[in-house]
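Here you'll find one protein chain in two forms, each presented separately as structure tokens under the names structure 1 and structure 2.
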Structure 1
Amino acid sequence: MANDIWALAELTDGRLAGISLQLASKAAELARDLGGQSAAVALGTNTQAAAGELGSCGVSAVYASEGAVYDQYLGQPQSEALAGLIQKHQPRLVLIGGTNYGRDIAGRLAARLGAGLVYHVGEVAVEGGQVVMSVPAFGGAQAVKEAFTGAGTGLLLARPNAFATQRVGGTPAITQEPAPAAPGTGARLTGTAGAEGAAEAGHLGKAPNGDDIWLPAATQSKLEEAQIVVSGGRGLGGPQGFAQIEALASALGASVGASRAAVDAGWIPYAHQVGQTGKTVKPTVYIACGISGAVQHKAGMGTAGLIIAVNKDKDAPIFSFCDLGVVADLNVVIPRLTELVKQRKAGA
């Protein structure tokens, strides 16, 4: 078995997800440390452009498979193509994103190959010739180190933002592979959900004057990959509170998160929930507004680079795990901060 390290790119409808570049960067670094080759696998449409992007992160090869079948069926063609490539080239490790896309493929692939699969990985390194993965447990209070047992290819599901994108530059050797046929009984994509689904994803509720409040497209996507997250909780007092959060988020170029209490109250869709039963985020900065800091919320954001909390209760648990704790009324602080951020950006 070779010491090669691969990264699976996430291509949907010809668009490359940001996590692909994080995985490619890490694959290049690990291959260097192990004395092997790095490669990325891109399955879908527009693979040529994707290969260029992946190569700029240092992978020396890209296995591309161009085919609409990948955009039409869930999980099956992807795992079939990837399994074929793995059996042929036997890499030591394949890095896959711990996203909905990645998990659907990794689960199938692990079952098909009988491969070891370590998920929720926050760090990976080569120690004494062995690939050692670190998985946060108990809300990040413990780091569990894991390794693969067998000699076969290991699969690693990485937490979004676990690895940094590094544009080291490079031109990869591209190999085109044929795409598999459509599965006989497959889960077939039939479209985007249209107005109804889009409304569910982006509608924040009603303002006091009756107007609908919408999230702008930029802040709707990719909560997990955001570098700055501004989150709101029950302390917002209602859906209109999210208009303030949204304004600050767009001034900062951030994504909008929420506590479960805010989601359960119907103030914001579930897709924004951060925490144990929501999304796990690891931004550079997490700004929690009107969130008490329950363990279940912490489980989703406890490993953020910096945590800033605004809460009017000085005894709120969140103040025991933040870098800057502001004991104040968010209705005063958030709009003012939004103004200050806008002024600074306009001046810069």
Structure 2
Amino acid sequence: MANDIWALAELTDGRLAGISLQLASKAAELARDLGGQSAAVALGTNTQAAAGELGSCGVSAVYASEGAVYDQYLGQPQSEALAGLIQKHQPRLVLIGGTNYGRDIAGRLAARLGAGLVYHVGEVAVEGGQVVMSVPAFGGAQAVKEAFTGAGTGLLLARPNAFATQRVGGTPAITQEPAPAAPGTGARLTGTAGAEGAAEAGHLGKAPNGDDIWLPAATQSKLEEAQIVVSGGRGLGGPQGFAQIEALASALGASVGASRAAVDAGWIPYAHQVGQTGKTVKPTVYIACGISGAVQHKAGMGTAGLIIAVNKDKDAPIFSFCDLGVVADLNVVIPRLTELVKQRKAGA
């Protein structure tokens, strides 16, 4: 209906991605502010359990469609089912995660429905009866506000970790929807391989400039969902510097991140990039090593619970917003910190 807000859940092998709960929480919040109803759409397997989790975030209804076809084909069944639901119920806005899955579905829906699409959204709220979205502009240096005008359903692609998960409790009304038939043609999923799990930790080879490239171990949490992130930047001096970042991350049980400068230099794969053009993280603790703290990087980690910065440049922008700043040579601080963490864990 006119003020209904929906969230598209992302299910992989019957498991909800963390962004699904973030979107459901925000959908419930926006619907309350608009005086409408909130709902989530779960397409895949194990949707009954997923519906319960989504309901705990406050959505009043879940449209669940159970079928292995969603796991077997990429994008086509999901966009067909969701387009049918949107055409039938006409929600005001559908929140979709800015993941590979979400971008694929959103693009298909926008083309199929002729719907407006706003991507890279970091904030959204109700202002004067309108849903107003904040999106970055000028490389992240500024933020602009946008809103849908006119009738029809709007599509919003949200950055992962842009919204908080709110477990407010509740039992949603579940409506079972039939899954579409397997498409006659289309991309099929034959297997999966995580970008960070594609190789063992250690030396990957040489960059074009002759520097060594190191790949951190794939033993920590997925970067976007990690509770502790240790990131390295240009101040590491080269790809070999990530060996000490990985050592600290391993000692802390953390994930490894990087600045755009380090990724552009070929020191570490793009999968580790944090920032405006990389991933958005929201850990309990974020440790930035040799990172200046430009606005583009801050856009990807500025909402971390505790931000710790190590940089020998006392004028680095990151010291203006970090919680704890260490003006020192990271090549001295990081190995010493790693040693202390190991000692503390050994004595625990």
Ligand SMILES: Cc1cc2nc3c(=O)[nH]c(=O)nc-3n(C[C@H](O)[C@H](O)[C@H](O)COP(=O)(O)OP(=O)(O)OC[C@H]3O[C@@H](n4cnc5c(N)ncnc54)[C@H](O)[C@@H]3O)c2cc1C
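From a predicted model like this one, the values you see are computed outputs, not experimental measurements. Under this definition, the rigid core comprises the largest set of C-alpha atoms superposing within 1.5 Å between the forms. Along the sequence of structure 1, residues get numbers from 1 upward.
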- Query: Does structure 1 or structure 2 depict the form predicted in complex with the named molecule?
  - Reply: 1
- Message: residue 174: after superposing the rigid core, is there a C-alpha shift of 2 Å or more between structure 1 and structure 2?
- Response: no
- Rigid core fitted, then: does residue 311 show a CA shift of 2 angstroms or greater between structure 1 and structure 2? yes
- Message: Aligning on the core only, does the CA of residue 235 end up 2 angstroms or more away between structure 1 and structure 2?
- Response: yes
- Message: Relative to the superposed core, report the C-alpha shift of residue 274 between structure 1 and structure 2 in angstrom.
- Response: 3.5
- Task: Mind pulling the C-alpha shift for residue 259 between structure 1 and structure 2, with the rigid core superposed, in Å?
- Result: 4.3
